[in-house]
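What follows is a single chain, given as structure tokens, in the form predicted on its own.
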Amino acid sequence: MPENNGKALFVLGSSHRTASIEVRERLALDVARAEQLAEDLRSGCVEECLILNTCNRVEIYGVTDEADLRPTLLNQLAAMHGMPLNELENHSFWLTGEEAVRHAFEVASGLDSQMVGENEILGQLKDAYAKASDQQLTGRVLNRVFQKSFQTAKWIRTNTGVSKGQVSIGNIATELAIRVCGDLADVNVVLLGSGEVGEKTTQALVSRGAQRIVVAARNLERARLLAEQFTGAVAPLEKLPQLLERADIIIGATSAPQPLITRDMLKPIMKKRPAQPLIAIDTALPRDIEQAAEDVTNVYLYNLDHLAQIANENLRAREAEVATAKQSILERAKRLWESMR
């Protein structure tokens, strides 16, 4: 393992590259569990720690002087998730030293994203770093790696066409809605969640002509602030069955640990509207809409994997830009790692 003054930099992770959406769902951490895990690691043999926990990846970046920490971490995570150790091993990856630096740079730049070039990941990584820094979980090594990763991401987005077309979950979800429904002006949209993805999805919908949007959320005050930006309506999640009776499109974007919409909920609702299809777009993980909901007549369910297919349809046209970005990252990671040894 490459070393930095006797300390080893590593990343243990699982993402869309190593795990199916079902496995990623099982490995997802809520905020409290992620924070507790980081503190547990920091109080153990991990000297610096940052956990990146998004809908498509759970990654633990750390610094340790342990010779081989991987088995210990895998056992700890397997026990936490109630998952057999060999299954977790099969769906995870382990990188060290310069490769870990390169990976952090590629994640920050959106090159490792399921939707290549998407913008949200940089904000999520900055948030994760800010929390870890505030909790004094990071130190000299991780501070330098992530500050450089943010600089690299800015260079990539400014100097290459990797993010051409403003790749984002909100934009892709809206493009899918337009493909299925056409003009959005007279379409009833119900948006679940008022967080960052919900906000950007709303902006994309409104910019493309959507006028009838209801934000349904647990936090009504935050939902109200979002709805005021486009003169939309607000409803509590308890009203979801009534909202579904009139919705043409429902978009899931919450951080709820369990599905909010199930097959059993939709069955009687769809019987009341046999001639009106429901387009269900789920951008959340854990998912807001139960997979079995696609079995209900006239329900057309799309998840993150479907959105990624749409996002990457034009990837061939950007392949040269991606290659340029990866070469730049390779050189930057090498320079940084050598300067830190």
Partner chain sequence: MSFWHDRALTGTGCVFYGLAFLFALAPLIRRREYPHVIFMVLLIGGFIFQSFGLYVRGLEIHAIPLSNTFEVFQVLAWFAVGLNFVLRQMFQLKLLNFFSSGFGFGLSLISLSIASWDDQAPPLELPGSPWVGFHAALAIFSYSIFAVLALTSLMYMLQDRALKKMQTGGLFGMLPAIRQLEVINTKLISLGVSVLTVAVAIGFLNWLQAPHAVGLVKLTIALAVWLAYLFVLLQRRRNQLVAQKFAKTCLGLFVVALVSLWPLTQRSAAYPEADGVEFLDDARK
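Nothing here was measured: the structure is a model prediction, and the numbers come from that model. Positions refer to the first chain, counted from 1. We call the rigid core whatever largest set of C-alpha positions still superposes within 1.5 Å between the two forms.
The same protein also has a form predicted in complex with its partner chain, omitted here; what follows describes it.
None of 280-288, 50-58, 296-304, 28-36 except one has non-hydrogen atoms within 4.5 angstroms of its partner chain in the model of the complex; the exception is 296-304. Taken together, G182, A275 and N314 are fully in contact with its partner chain in the model of the complex: each brings a heavy atom within 4.5 Å. Using a 4.5 angstroms threshold between heavy atoms, D248 counts as touching its partner chain in the model of the complex. Put simply, D186 is close to its partner chain in the model of the complex: some heavy atom of it is within 4.5 Å. Contact between V63 and its partner chain in the model of the complex is not found at the 4.5 Å heavy atom cutoff.
At the 4.5 Å threshold, heavy atoms of L69 stay clear of its partner chain in the model of the complex, well away from it. Only one of the listed residues (L260, V234, I178, M265) places a non-hydrogen atom within 4.5 angstroms of its partner chain in the model of the complex, and that residue is I178. Once the rigid core is overlaid between the shown form and the other one, Q36 does not reach a Cα shift of 2 Å, moving by less than that. In the core-superposed comparison between the shown form and the other one, the C-alpha atom of L122 has shifted by less than 2 angstroms. Relative to the superposed core, K154 undergoes a C-alpha shift smaller than 2 Å between the shown form and the other one.
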